[in-house]
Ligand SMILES: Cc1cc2nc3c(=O)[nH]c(=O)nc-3n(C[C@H](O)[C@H](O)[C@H](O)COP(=O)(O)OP(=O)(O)OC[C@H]3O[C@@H](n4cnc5c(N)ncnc54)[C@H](O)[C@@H]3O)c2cc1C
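A lone chain, given as structure tokens: the form predicted alone.
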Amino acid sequence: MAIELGIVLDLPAADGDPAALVDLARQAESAGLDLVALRGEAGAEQGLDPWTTAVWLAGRTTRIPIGIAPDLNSPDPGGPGPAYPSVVAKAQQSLEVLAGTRFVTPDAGWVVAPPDAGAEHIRRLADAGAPVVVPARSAEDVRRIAGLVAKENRPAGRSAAVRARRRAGIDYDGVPASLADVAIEPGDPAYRRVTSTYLRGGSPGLVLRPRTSDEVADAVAFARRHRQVPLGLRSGGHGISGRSTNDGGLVIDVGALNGIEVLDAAQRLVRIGPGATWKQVAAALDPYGWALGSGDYGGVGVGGLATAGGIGYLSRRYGLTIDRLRAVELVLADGSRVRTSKQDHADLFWAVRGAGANFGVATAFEFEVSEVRQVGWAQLVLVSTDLEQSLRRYGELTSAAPRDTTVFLVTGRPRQGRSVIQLYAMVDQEDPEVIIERLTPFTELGALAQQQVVRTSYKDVMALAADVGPDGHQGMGEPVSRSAFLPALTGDVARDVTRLLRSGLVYFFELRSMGGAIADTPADETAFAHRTPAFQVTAMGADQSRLNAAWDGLGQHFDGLYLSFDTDLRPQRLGDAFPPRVLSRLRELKRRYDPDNLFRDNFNIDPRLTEEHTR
């Protein structure tokens, strides 16, 4: 049995020698011990503060965990009793920021052995499964303690400081061997890099990071044994509606499956892993003169977008991202691996193109990409004193534009009677005169305050996205967003949207132009069935209930919604996202391929429910 062994130090009185603590902690670290615990008289007004001492010892050592005894929490200065919980929590958080996960939390505990304990006594105490610490007052004590347990009996796994942060309900010791070396749990040094996503904060209990489809199957099998905790799937971590992080649950992060391979140059057929970003995809395809339309930001991961739809700058020309799919490789809820296409598992291939998060973990996509050379790219900033008129005119211009021209509009709350309108436009043409001709009408939307129009590659447009640094995403909180499809941007729509923006409930409002090639694909070809709307609209606010109420009031203008951008999880949203016949078919497939509803932490198509629950 592995035994964690350390020393316990008594905090000196006010006239004691604090340097001796540092010397003993360093000697314990050099001797290969596993813990330095601090103890002293609870509530003592004289002597060293335990939290400050712990930080000091951590700063003067390198790796050894530091423990603070439960009875050393600073008392309420207003009287006897336990510490302020918020003060203690903040102190622990600060310690982790300053020194990483080297601090054993007070509730983790350890066993204190007598000063003269021998090896047999240490082994008996270690049977409880907690670290054993022995009082030490000199370097000789440290050397004696270090010799009590042979090196081969010392732990090779995670320390007590790491184990103390484990979340209830997760079998950490049962992590598959194939994933153990790359799994990240709350006490690991890399944990802060994987907790958050682009917009959402989280604190998952365990992040599994498979590198192959076999390892994905192992991760799914582990998730099946943990149905009681949330399960998130993550590719690039940019999802607004999805749950690619959580609190205390599992996350299967497929970021390592990021390969990009040309399968057939003549057919322009490529194979792409779900962990690749669209920025990486664009860079890999550019030397061939190819591109694959995605969303509007190159940092987004392939996996989430390629199973939801993909409304981007090239969609009016070449269709949605899912329209370019030719096959998808999946790991299903039962761990089986299937290749779906129009010829193989055609029912799943239909479902994964629009509702993929409900049916499995995608491990690879095969796309037929398009020939795209230079494009026109524009970023325009205009100021409008009549937002309603500007929106109406934008709708007219966009709907009348040729398929090669796509213009997205972003605005927010008007201030002092003025609205800032940002236009992001792509023209799939190389001729500069044609590009200018296509874009000039849009300058009518307001006073032109800033412009940038260039002829460039699709790769360079996607490259505008910032790379995720070594510290990972730093999102916080919960995004609040609503989405819808608009059949047309009428005068009534412009009026009601302007009122919404003036209310202050929405700080970000985006219109994505659709139409063109998106409508070429029959509505029943994919689970994404909304082929005829002219626009997709997204609004972000700070309060879900208030935004829901305002958005519901605009419902007469809408025809469905785009799940990727909506955080309202009321069951009725499924009925908006999928027409009745589509939802009925999806639910039947869910009953066949995921009857226990393993993949549920998103816009869930619950196999146990009927369509009545979405009305």
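The structure displayed is predicted, hence computed values, not measured ones. In this text, residue numbers run from 1 along the sequence as written.
The same protein also has a form predicted together with this ligand, omitted here; what follows describes it.
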Using a 4.5 Å heavy atom cut-off, which stretch among 48 to 56, 23 to 31, 582 to 590, 560 to 568 contacts this ligand in the predicted bound form? 560 to 568
As a check of understanding, the residue in Leu233, Leu391, Leu292, Ile518 with any heavy atom within 4.5 Å of this ligand in the predicted bound form should be identified as Leu233
Between Leu409, Leu206, Val537, Ile311, only one gets a heavy atom within 4.5 angstroms of this ligand in the predicted bound form; which residue is that? Ile311
This ligand contact at Gly354 in the predicted bound form, heavy atom, 4.5 Å: no
Residue contact check: Pro210 to this ligand in the predicted bound form, 4.5 Å heavy atom: no
Although this ligand is absent from this view, report whether Met426 comes within 4.5 Å of it in the predicted bound form, heavy atoms only. no
Is Arg512 close to this ligand in the predicted bound form, meaning a heavy atom pair under 4.5 Å apart or at it? yes
Check each residue of 230 to 267 against this ligand in the predicted bound form and list those with a heavy atom within 4.5 Å, in sequence order. Leu233, Arg234, Ser235, Gly236, Gly237, His238, Gly239, Ile240, Gly242, Arg243, Ser244, Val254
